[in-house]
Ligand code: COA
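There is one chain below, alone, in structure tokens, taken in the form predicted alone.
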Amino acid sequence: MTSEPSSFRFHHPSRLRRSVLTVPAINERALQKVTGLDCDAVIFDLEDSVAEDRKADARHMLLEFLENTDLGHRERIVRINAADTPHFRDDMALVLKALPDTVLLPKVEEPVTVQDMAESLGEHAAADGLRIWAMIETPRGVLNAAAISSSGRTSNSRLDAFVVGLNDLRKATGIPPEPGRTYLVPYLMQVMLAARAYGLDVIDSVSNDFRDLEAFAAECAQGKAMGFDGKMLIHPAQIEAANHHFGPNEAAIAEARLVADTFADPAHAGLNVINIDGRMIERLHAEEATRLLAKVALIDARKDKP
């Protein structure tokens, strides 16, 4: 297989992933509420949030829900149990029957985990649109993030995004859950850089205290500043702040339109650098502006839809 990172490096967004809400697949009440929430994506969890003796019940409940529920714009993601657990085979059977948008792999530490999943989906003739996300939540996962990202961007791969899991990483490293995540920032940036090197989206970790919305908003602002595309959420109360902080603000939108329009002017055809109000703007900034405006179009298209 030949790696093809260059074809993905400046991909335009096809989905919004500002707010990625995780819902235990065993929680019927939470499942039914999803259709009324303004989140961009939903992770239906079969792993950590479901007790060992309830896994089968969770699969049954989730399959019925996915087969009978229109989630509209919301990306449907199923987090399965790892391949070395007794639940993996049944989880995969659910994925192949329900055909969500994405399968989320927990605790990915090696490239082979993503490669094996891609091969399995291909062998079962799963639609090309069924994508793979990888949770990076252990020291080995962080150390191997670049290799996982690179190997996942091959001609037949389905890898689309990383999701950072800090709870397991804190447990493994002994780093306490302090405000500002000071000693975790280097690991967050390492995963983000690995994702960006090969054109992957990257989702920031959960914030465990959903009652402290002020602290959550600060964490969203930090994640946005670090370059993350969105945040994994554990409660609907966190959706509004995530959508706000990980979405483009009015100043950024105005700047993007100015840059895009300037480079689109026939008078500037062939130029790679343009003087805009005393600032030297390069064509790479036009590419960034185009991606941001594509995200704005997705947000605008959703305003009148459920």
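Note that the coordinates shown come from a computational prediction; the quantities given were computed from them, not determined experimentally. When you see a residue number, it is the position in the sequence shown, counting from 1.
Below: the form predicted in complex with coenzyme A (COA), not depicted.
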{"property": "Stretch in contact, per heavy atom within 4.5 angstroms of coenzyme A (COA) in the model of the complex, of 106 to 114, 140 to 148, 85 to 93, 210 to 218", "result": "210 to 218"}
{"property": "In the model of the complex, Pro100 touching coenzyme A (COA) (heavy atom, 4.5 Å)", "result": "no"}
{"property": "Partner contact for Ala241 in the model of the complex: coenzyme A (COA), 4.5 angstroms, heavy atom", "result": "no"}
{"property": "4.5 Å heavy atom contact, Lys33 to coenzyme A (COA) in the model of the complex", "result": "yes"}
{"property": "is_contact(Gly199, coenzyme A (COA)) in the model of the complex, heavy atom dist at most 4.5 Å", "result": "no"}
{"property": "One residue of Leu169, Leu130, Leu71, Val206 in contact with coenzyme A (COA), assessed in the model of the complex (non-hydrogen atom, 4.5 angstroms)", "result": "Val206"}
{"property": "Position in contact with coenzyme A (COA) when the complex is considered in the model of the complex, options Leu66, Ile281, Leu37, Ala256, heavy atoms within 4.5 Å", "result": "Leu37"}
{"property": "4.5 Å heavy atom contact with coenzyme A (COA) in the model of the complex for all of Val163, Gly227 and Lys231", "result": "no"}
{"property": "Any residue of 233 to 249 that, in the model of the complex, places a heavy atom within 4.5 Å of coenzyme A (COA)", "result": "Ile234, His235, Pro236"}
